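Consider the single chain below, provided in structure tokens and representing the form predicted alone.
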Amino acid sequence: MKKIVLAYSGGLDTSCIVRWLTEQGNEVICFVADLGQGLGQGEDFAAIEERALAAGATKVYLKDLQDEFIEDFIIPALKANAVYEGKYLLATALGRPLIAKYLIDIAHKEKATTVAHGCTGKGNDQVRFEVTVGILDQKLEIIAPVREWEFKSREEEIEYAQTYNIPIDVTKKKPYSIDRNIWGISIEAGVLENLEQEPPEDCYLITKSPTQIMTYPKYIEVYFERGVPKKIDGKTYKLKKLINYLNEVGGFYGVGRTDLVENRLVGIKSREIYEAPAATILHIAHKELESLVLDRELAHFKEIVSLKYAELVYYGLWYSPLREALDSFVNSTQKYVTGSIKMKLFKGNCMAVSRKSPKSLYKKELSTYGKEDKFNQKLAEGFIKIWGMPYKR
């Protein structure tokens, strides 16, 4: 008999895994990471624990990792402007290495030699979990039941769970696979696999449809200090409350919906639906502030770094030397990223409408076409001749 520590979400896959592993004579200990799944509304962790025990787990660990998740994962990614393929703000991808870290800690505490996860053989999360475990503890065995068991569909898993009276929240009519944390929600499977079909409203959890939203906009001002959001409309918030507030407000105005056909690490394309109101607002505001305070060469080079940073997170390489090295560069760029961006939220859109910073490089007297103009336009002729000189034959 093996003692196995399972990364348990309380969803369909991991609930079935508990029963499946115990039927094979193993002892299963579940680890539940609180990364803000309730998105400010509070997750029913008592129900999740009850579900795990009903499925056959001998023990359930619950750890509130929200502050560590925000400080050590979300904020570095925000500073880096990390977005995968232009749309995905990496909520799930950022959470996996943190969960894997504590999965290892619990395995050590329980003297278990094996850990398990509920990821599929064609997804990204299996890579994120297993690469992280391999980096942090090469001696642990890793089991991925979904790559081995007999079930061929989520419908078969639902029947299996019902057979063993395991309480689950999905049905054959709504078989979505959902992962959520304070930074956003990832939704896939079911009717979403039909690329010709518009995502139905019942797949969205925290954002309102733009057709249901009132006809006047919402303005909010976000203040950053060295790249870190500190205030909303002049009021100071702790990071968790700030993100929860923006999720609530942004969700009400339909901000943060993304429908993306993305390139998975394993080589296939998949359709993913994302909801990330706070992440969207903060990402846009942060980029707008950077455009005000970073010089041209630094801003352009940082875009290259942002792309690579996002790839490393998506590819499960959070604990890689390159990601750690890029953090040093990114942190150096945030020295002057202090100031306020006023955002307009309206019918699912989010845009910056005003900007101010004590570190601003914008000089009105140089850019204006009015009478305050102090730019010496006569210098332009010589500049153009020198700039174009290498290309004349």
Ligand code: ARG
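Heads up: residue numbers just count along the shown sequence, starting at 1. Quick caveat: nothing in here was measured; it's all calculated off a predicted structure.
Not on display, but discussed next: the form predicted together with this ligand.
Annotated contact segment (heavy atom within 4.5 Å of this ligand in the predicted complex): 117-125, selected among 207-215, 117-125, 276-284, 159-167.
Among heavy atoms of S177, some come within 4.5 Å of this ligand in the predicted complex. Remark: E110 does not count among the residues lining this ligand in the predicted complex, judged by a heavy atom distance of 4.5 Å or less.
Under a 4.5 angstroms non-hydrogen atom cutoff, this ligand in the predicted complex lacks W318 among its neighbouring residues.
Although the partner is absent here, E221 sits far enough away that none of its heavy atoms falls within 4.5 Å of this ligand in the predicted complex. Of the candidates Y253, Y88, W183, Y309, Y88 is the one whose heavy atoms come within 4.5 Å of this ligand in the predicted complex; the others do not.
Contact annotation: of the candidates I243, I99, A93, V293, the single residue with a non-hydrogen atom within 4.5 angstroms of this ligand in the predicted complex is A93. Residue E262 is the only one in 249-267 with at least one heavy atom within 4.5 Å of this ligand in the predicted complex.
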